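Only one chain is shown below, in structure tokens, and it's the form predicted on its own.
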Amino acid sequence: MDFGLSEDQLLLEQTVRGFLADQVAIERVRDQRQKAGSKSCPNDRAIWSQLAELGIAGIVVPEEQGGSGLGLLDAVIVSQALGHAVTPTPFLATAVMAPTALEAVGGKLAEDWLAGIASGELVVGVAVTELFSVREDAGVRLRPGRQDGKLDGKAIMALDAFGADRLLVALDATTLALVDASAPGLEKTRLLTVDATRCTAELSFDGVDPLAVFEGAGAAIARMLEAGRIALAADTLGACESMVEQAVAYAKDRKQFDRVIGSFQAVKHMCAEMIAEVEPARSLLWYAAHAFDGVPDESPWMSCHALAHIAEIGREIASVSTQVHGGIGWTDEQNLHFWFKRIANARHLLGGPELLRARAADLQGLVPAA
């Protein structure tokens, strides 16, 4: 049995990483940060259009709606490459989470959205934070009455929502609303975080008419969260890989006492330990992505384990890589902080490690009865 990537997947990885190395140099990421400031979304629509031409926007969208119809492992390969290049795109919400939910709920409107996603014309934001972490009494709800009633409330830390065209909003664990991002009564506020490469927003609803509301969508919402957690873990792992590569390259170049610092045993150990943490994490990630499509009964807890573990090693790798760079690693002029902050921000976007491990233990029946 072959436990590696297929030839097609290796070609996909090579193509995406080659494109990003050529088109999304760190200077472009830095420039996009300056342009976005605090008033606009850092996601680069020009990059997204180019990725759509490569089939990346519709990677998990069914072929009937113009997508590639590939599996989550293929999306993980792309997400890992995007994290490696700290690319500012709406891939997580638009290309992974939204298509997973839309395909599950079905219907003409969902099919139209899927086609728009695949073409690169639609960017879809996702608001799910209140399913696992409620702050400031946040939450979006339907006004009492008919199923197509208006929406009130607010959603915090909505992914890729500030510059989106459409929104998927989880009202609770079983109800999903589809909303036009320009609907009257909807106010979007960009939330500034340490990560200048990812767009999050607060959404305020005051009598907003949804385009559709799907009740009994618990399975779709759960699958969307699983796919999102695995893809986010891949993004973090890609950022870790880049930080390790940068640390090793710096250790081979930087000299102290007429010796490159990589020749010192302490620095060798630091680099070796980072690599030792990355390699098994890659296997865990690949299996979680395989389980999503091939062993769906294991996917709920594997998605939690993958993101929890990679978030933990990510924090350590980000810290140690920066230490290898010495004082320069903490400056804005040195680009390392883009990866450091992306890893730090991702740690809690879809649930922190403690919450995810508790969730996985509960799902696996490992929590003792009260």
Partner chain sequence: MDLEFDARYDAFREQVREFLAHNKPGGAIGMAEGRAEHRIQWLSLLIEHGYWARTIPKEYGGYGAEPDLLETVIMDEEFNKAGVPRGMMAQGPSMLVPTLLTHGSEEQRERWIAPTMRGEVMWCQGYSEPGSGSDLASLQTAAREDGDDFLINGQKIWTSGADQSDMCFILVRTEPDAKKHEGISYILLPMDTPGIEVQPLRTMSGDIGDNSFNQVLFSDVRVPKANVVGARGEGWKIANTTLKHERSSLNANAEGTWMRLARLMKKETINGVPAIASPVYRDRLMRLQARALSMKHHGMRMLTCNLKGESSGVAGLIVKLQNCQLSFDMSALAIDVMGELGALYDHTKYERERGYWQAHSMFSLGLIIGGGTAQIQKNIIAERGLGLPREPKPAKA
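Residue numbers count along the first chain shown, from 1. On a predicted model such as this, the values are computed, not experimentally measured, just so you know.
From this point on, the text means the form predicted in complex with its partner chain, which you will not see here.
Picking from 63-71, 23-31, 49-57, 297-305 the stretch near its partner chain in the predicted bound form, with a 4.5 Å limit on heavy atoms, gives 297-305. For the options 273, 111, 187, 121, the one in contact with its partner chain in the predicted bound form, meaning a heavy atom within 4.5 Å, is 273. For the options 103, 277, 130, 202, the one in contact with its partner chain in the predicted bound form, meaning a heavy atom within 4.5 Å, is 277. Looking at its partner chain in the predicted bound form, residues 141, 143 and 192 place no heavy atom within 4.5 Å of it. At the 4.5 Å threshold, heavy atoms of residue 361 reach its partner chain in the predicted bound form. Although the partner is absent here, residue 163 lies well away from its partner chain in the predicted bound form, with no heavy atom inside 4.5 Å.
A residue is said to contact a partner when one of its heavy atoms sits within 4.5 Å of a partner heavy atom; residue 222 fails this definition for its partner chain in the predicted bound form, lying far away. Remark: residue 309 counts among the residues lining its partner chain in the predicted bound form, judged by a heavy atom distance of 4.5 Å or less.
Taking its partner chain as it sits in the predicted bound form, the stretch 236-263 comes within 4.5 angstroms of it through a non-hydrogen atom at 248, 251, 252, 259, 260, 262, 263.
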